[in-house]
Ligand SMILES: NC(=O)c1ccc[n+]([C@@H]2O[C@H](COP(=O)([O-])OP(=O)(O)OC[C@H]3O[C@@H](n4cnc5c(N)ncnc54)[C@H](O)[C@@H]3O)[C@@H](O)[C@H]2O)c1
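Only one chain is given next, in C-alpha cells, and it is the form predicted alone.
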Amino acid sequence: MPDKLRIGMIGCGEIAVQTAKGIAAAESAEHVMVMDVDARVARDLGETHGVPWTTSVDEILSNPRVDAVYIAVPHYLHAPLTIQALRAGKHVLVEKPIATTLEDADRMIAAAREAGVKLSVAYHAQVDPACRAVRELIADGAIGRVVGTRIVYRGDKPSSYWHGGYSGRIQTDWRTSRAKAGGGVLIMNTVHDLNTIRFVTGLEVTRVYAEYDTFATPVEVEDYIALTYRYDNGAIGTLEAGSAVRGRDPLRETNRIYGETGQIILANPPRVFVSEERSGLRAGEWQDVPVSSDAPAGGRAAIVDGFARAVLAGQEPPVRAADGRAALAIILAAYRSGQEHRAIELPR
C-alpha cells in the first residue's frame, strides 16, 4: 500500500488555494497536478506548489500519477466533472455542496459505486476534534435528549463577492445565478452548518418550512432565509441566514444544541452546560468541551488527510457522499417550501 495518496486539483479558484495548502500539510497526501480552464490561475497554483498545471480535464484525468482529484468548480459543474473523474477511475473529494439536485447527487453516488472508487465531500465536522468531542458528549447523554438546534449566519458580502468571491482571484457570474449556484446563502454558506449539526447530533430532518427572499442584492439567489424543521426524534431546529446583514453580528452569536438537561454552544472552543454531573462534566456551570490535547488539528489539512487515509486503507471516507446528499436534501426541501409556501416532508 502506498503511504501517500497522489492528488490532482480540478479548479484553482478561491477555496482551492486553501485546499492546496491543506494537501501540502496532510501527512497522507501528495500534490501532483492542478487544472483550471483559466491558464492564469492554473499556472499560479501549479508554480506555487511546484507541480505541473494544465487547462485540460482530460490531461489531468489521464495522468497515471493522479490517484484522486479534488474538485472545486462552480456548483453546477460538480456533478458532470465528478462523474467524469469517477469513470476515469479517480477517487474524488468534491467541494460542498455535493451537487445542486438530488438526481445529480444520486448519479454521482452510483458512478462511484460502479467504478469501485471513493467519493467524499469537503466538510470539516467529521474530522474536527472538537466536533467529534461534542458528538461523543451528546451520544453519552450529557445534555439529555436533544430537543432543539439553532444555526445563525449573519454576513454582509461586498458587491464584488458576486463576481469575484472574497479574493477576486477569478471573475465569473456563477454565484449570481440560481441555475448555476443552486441558491444563495443557504447552499453557499450554511450547508456546512447543516452537516455539522447532523453529524454531532446524529439526527435526521424529516420536515422543513422556510421563507426566503432577495432584498438587498442584485442577484437571482436569496440573500435572507429562515427555516424551521423537525427531526426524527421530535426535536425542532431553526436556521437564520443572511448575506446582506449590515453590521454583521457584533454579539457573535453561534450555533447551539439544546438538550433536556443541558446545552452546547458550538463556539471555538465549544462550551457546554449540564444540570447533572455526567461524562466528567461539572453540573451547574458553563465549561469548555474537553478535547484531547493530542488530537490532530482540524481545517483543510484534516479534510484532505482524512480522505486520503481512508482511500489508502480501502475504507469509507469520514465524510461519505451520503452525508453530502443529506445536507442537500434539507436545502432543496427548504427552497421548495419557500416556493410553495408549505411545509415539505423529507422521505425517511
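The numbering used is simple: start at 1 and walk along the sequence shown. No experiment lies behind these values; they were computed from the predicted model shown.
From this point on, the text means the form predicted together with the named molecule, which you will not see here.
Participant: Using heavy atoms and a 4.5 Å cut-off, decide whether Val152, Arg256 and Asp323 all contact the named molecule in the model of the complex.
Facilitator: No, none of Val152, Arg256 and Asp323 comes within 4.5 Å of the named molecule in the model of the complex.
Participant: Can you tell me which of 36-44, 307-315, 280-288, 22-30 lies within 4.5 Å of the named molecule in the model of the complex, counting heavy atoms only?
Facilitator: Of the stretches listed, the one contacting the partner is 36-44.
Participant: Against the named molecule in the model of the complex, would Ala122 count as a contact residue? Criterion: heavy atoms within 4.5 Å.
Facilitator: Flag for Ala122 set to yes.
Participant: I'd like to check something about Ala244: if you look in the model of the complex, is any of its heavy atoms closer than or equal to 4.5 Å to a heavy atom of the named molecule?
Facilitator: Output for Ala244 is no: heavy atoms all beyond 4.5 Å of the named molecule.
Participant: Report whether the minimum heavy atom distance between Trp174 and the named molecule in the model of the complex is within 4.5 Å.
Facilitator: Within the cut-off, so yes.
Participant: Under a 4.5 Å heavy atom criterion, is His75 part of the interface with the named molecule in the model of the complex?
Facilitator: Yes, contact at 4.5 Å.
Participant: Heavy atom within 4.5 Å of the named molecule in the model of the complex: which of His192, Arg207, Lys157, Arg135?
Facilitator: So the residue touching the named molecule in the model of the complex, by this definition, is His192.
Participant: If you check Val219, Ile170, Ala88, Ala111 against the named molecule in the model of the complex, which one has a heavy atom within 4.5 Å?
Facilitator: Residue within 4.5 Å of the partner: Ile170.
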